[in-house]
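Just one chain follows, in the form predicted alone, and it is written as structure tokens.
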Amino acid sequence: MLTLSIIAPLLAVVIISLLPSSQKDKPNKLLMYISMAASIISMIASFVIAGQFSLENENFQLTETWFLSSLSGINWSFALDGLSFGLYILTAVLFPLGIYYSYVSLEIRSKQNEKPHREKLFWSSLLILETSVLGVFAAQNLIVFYVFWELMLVPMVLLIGIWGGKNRKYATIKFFIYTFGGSVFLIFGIIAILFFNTDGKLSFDITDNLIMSLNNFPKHIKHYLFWAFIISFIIKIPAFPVHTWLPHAHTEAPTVGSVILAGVLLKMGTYGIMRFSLPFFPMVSKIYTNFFMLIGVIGIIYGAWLAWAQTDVKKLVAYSSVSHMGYIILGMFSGNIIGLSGAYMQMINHGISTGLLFLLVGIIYDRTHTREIDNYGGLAKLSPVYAIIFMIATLSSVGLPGTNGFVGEFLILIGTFLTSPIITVFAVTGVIFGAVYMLHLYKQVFWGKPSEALLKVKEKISLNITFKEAIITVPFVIMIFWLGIKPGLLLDTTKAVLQKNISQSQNIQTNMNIGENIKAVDKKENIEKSGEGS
């Protein structure tokens, strides 16, 4: 089923490429049907996988192998464990929603005399992007992970560069330079592992054998490898101070690009840290704990202040992502299972709440063609259902108890407090700032008298959210309250693997301490013997 889930979108790309190009003024339904069918097949396959997944198993499950290469150590195999399971399912759910929204958006724009262009390439880019993200989360081999990690770059560049906003060229170039530059560090790290390996045979399969092999490397080499991996992942998150590509990419990307970017692409960076950086280099990670926690708390506060200062709705939500990702960094480097569990849950929560916010911004932008906050006001009177859904997304984003955002942030703050109470004090201010800028946004857009700009738009097209658009938001709303009321549904999937990783790190530290003590004793004995001999 994993193979079907990953390949189905690619098969649809082949079918789409064989169809003749269309020059119609209206969006091509056939292309949408093919794309939706492939993405739904992938989603259904992921649900079947979910039914077979064991929560108690701490290792990879449901392994499916494409081919093996014992000579090179590159085994094309796919599997899921507690770290990848939730993100894999979220990816499989978000893409069908994004694809369907894209068609609904094209329909609304066609009514305003906007002709669709390069549709075959658009749908193909979305489908290739889906395969690449699924491949990242299911890869059981480090080289295979890197292949899908790089494959993601191509369709995302196309989505921003061709179907983006007015400044799409600048946003595309910046996105490419930052993310590709980060990938260079990652491939250097992988090559270095091969170069410094002394075991003779090295498999890149993500197993305990690879982790133990890396911990036999010289100390200074492990530091270099840690930074090679972490730089790539930090850029992808992105964390302060390498966050500047994100607001531009979000603002200029088409709505579906922003939803996918916030929903799952940013999580590739946090997933990489939890999958590779922390378990591969536990001792080095511990050395830099305070540094990365400082980076996280700066991102929280700095991102919140920048969000508050924005006049563009979409850019405000983009900077809120910088702030939210800071919490995840805190949780990951807290070093305890409470913080790590909260970080993982917040990865999923951010994908749901911020993905919904970007979707809602896109829905109203399709009608008004403006994102300036000053051009809104009184929207609750003109579109009450839209106002209700936006409020739910807002409350989830600020972490209201009963919504998914509360549980993740609460666990992160507890885990961080156990490690650094001072950092926690500053991190809590981010919760306050988050409520301020999100509620201020809601007040400006939805309350008061409708602006003249909105009233002019209403004369041409209805501002009410359509039934199709409302249906797309329903899964997001369900997930917000479902995970808010029953967070154990997600926390139980990661408990076993996180406990394993923490225990493994503690064992490595103990073995290293024992080894250092033995060396110290041997050195002392040698000194004493040399003294006696003289």
Partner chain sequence: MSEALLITAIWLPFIGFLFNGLFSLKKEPISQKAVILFGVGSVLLSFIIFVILTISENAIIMSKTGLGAHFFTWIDVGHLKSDFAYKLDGLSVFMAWIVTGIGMLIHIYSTGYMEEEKPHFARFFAYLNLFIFAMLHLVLGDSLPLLFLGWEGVGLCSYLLIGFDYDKDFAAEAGKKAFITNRIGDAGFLIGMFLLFQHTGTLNYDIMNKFFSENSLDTSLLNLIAICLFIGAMGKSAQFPLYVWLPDAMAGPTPVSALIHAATMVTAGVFMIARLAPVFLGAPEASTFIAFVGGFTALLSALIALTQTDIKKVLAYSTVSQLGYMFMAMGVGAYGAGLFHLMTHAFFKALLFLGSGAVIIALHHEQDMRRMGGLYKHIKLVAILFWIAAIAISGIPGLSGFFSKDMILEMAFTYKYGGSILFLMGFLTAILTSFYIFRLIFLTFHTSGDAVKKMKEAIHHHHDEHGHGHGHHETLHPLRWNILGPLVILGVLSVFGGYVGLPHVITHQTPGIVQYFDKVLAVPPTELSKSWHNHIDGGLAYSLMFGSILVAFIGLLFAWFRYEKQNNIPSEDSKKRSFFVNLSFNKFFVDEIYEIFLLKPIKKLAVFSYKVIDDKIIDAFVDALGKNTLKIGSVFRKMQTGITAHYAFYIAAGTLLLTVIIYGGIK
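What you are looking at is a predicted structure, and each value in this text was computed from that prediction instead of being measured. Positions refer to the first chain, counted from 1.
The discussion below concerns the form predicted together with its partner chain, not included here.
Out of the stretches listed (441-449, 348-356, 268-276, 106-114), which one is close to its partner chain in the model of the complex, meaning heavy atoms within 4.5 Å? Careful reading of the contacts points to 441-449.
In the model of the complex, do 410, 418 and 428 all reach within 4.5 Å of its partner chain through at least one heavy atom apiece? Yes, the whole candidate spot contacts its partner chain.
Only one of 151, 455, 121, 337 has a non-hydrogen atom within 4.5 angstroms of its partner chain in the model of the complex; which is it? Of the listed residues, the single hit is 337.
Name the single residue among 496, 502, 485, 48 that comes within 4.5 Å of its partner chain in the model of the complex, judging by heavy atoms. Answer to the contact question: 485.
Give a yes or no for residue 305: in the model of the complex, does one of its heavy atoms lie within 4.5 Å of a heavy atom belonging to its partner chain? Because a heavy atom of residue 305 falls inside 4.5 Å of its partner chain in the model of the complex, the answer is yes.
Taking heavy atoms and a 4.5 Å cut-off, does residue 140 contact its partner chain in the model of the complex? So residue 140 does not count as contacting its partner chain.
Does at least one non-hydrogen atom of residue 369 fall within 4.5 angstroms of its partner chain in the model of the complex? Answer no; every heavy atom of residue 369 is more than 4.5 Å from its partner chain in the model of the complex.
Residue-level question: is residue 220 within 4.5 Å of its partner chain in the model of the complex, judged on heavy atoms? Residue 220: contacts its partner chain in the model of the complex.
Sequence-ordered residues of 134-172 touching its partner chain in the model of the complex, heavy atom within 4.5 Å: Only a single residue, 170, comes within 4.5 Å of the partner.
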